[in-house]
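Take a look at this one chain, the form predicted on its own, written out in structure tokens.
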């Protein structure tokens, strides 16, 4: 159970930190790209910033599904 939890936690954390560091790196070093207009007054930076929130909720939801399917049955067996 610890191995499954640790593997899931590392994968989710690495995915989120990687995505976040890409966003910060683009904001710091690719200002021209981030300033490109996508639609109306929405630029790439705003779109990627909103995707940060969406990805946070998606990763949380994915982890909850994983925990219910894989970790909770093992915890039940231990009890």
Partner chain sequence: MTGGALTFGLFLVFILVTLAITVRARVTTRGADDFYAGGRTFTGPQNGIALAGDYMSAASFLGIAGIIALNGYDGFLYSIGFLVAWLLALLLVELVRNAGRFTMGDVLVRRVRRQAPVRRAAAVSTVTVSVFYLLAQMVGAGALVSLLLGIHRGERFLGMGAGTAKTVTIVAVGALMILYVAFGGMKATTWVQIIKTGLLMAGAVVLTALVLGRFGFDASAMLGSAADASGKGEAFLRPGLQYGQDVPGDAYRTVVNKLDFISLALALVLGTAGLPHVVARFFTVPDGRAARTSVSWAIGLVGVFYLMTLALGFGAAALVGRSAIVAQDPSGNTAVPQLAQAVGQHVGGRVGGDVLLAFIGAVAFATILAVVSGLVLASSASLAHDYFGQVLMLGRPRESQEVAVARFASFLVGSLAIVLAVVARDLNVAFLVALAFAMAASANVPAIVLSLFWRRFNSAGVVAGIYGGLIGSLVLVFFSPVVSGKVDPVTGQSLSLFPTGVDFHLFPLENPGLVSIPIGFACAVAGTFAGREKADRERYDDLSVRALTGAGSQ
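Numbering follows the first chain given and starts at 1. Note that this is a predicted model, so its numbers are computed, not measured.
Form predicted in complex with its partner chain: not shown, discussed below.
A.B. asks: Are any of the heavy atoms in residue 67 no more than 4.5 Å from a heavy atom of its partner chain in the model of the complex?
C.D. replies: Taking the distances in the model of the complex, the answer for residue 67 is yes, it comes within 4.5 Å of its partner chain.
A.B. asks: Does residue 22 make contact with its partner chain in the model of the complex, using a 4.5 Å heavy atom cut-off?
C.D. replies: Contact with its partner chain, no.
A.B. asks: Taking its partner chain in the model of the complex, which residues of 1-33 have any heavy atom within 4.5 Å of it?
C.D. replies: Residues within 4.5 Å: 1, 2, 5, 6, 9, 12, 13, 16, 17, 20, 21, 23, 24, 27, 28, 29, 31.
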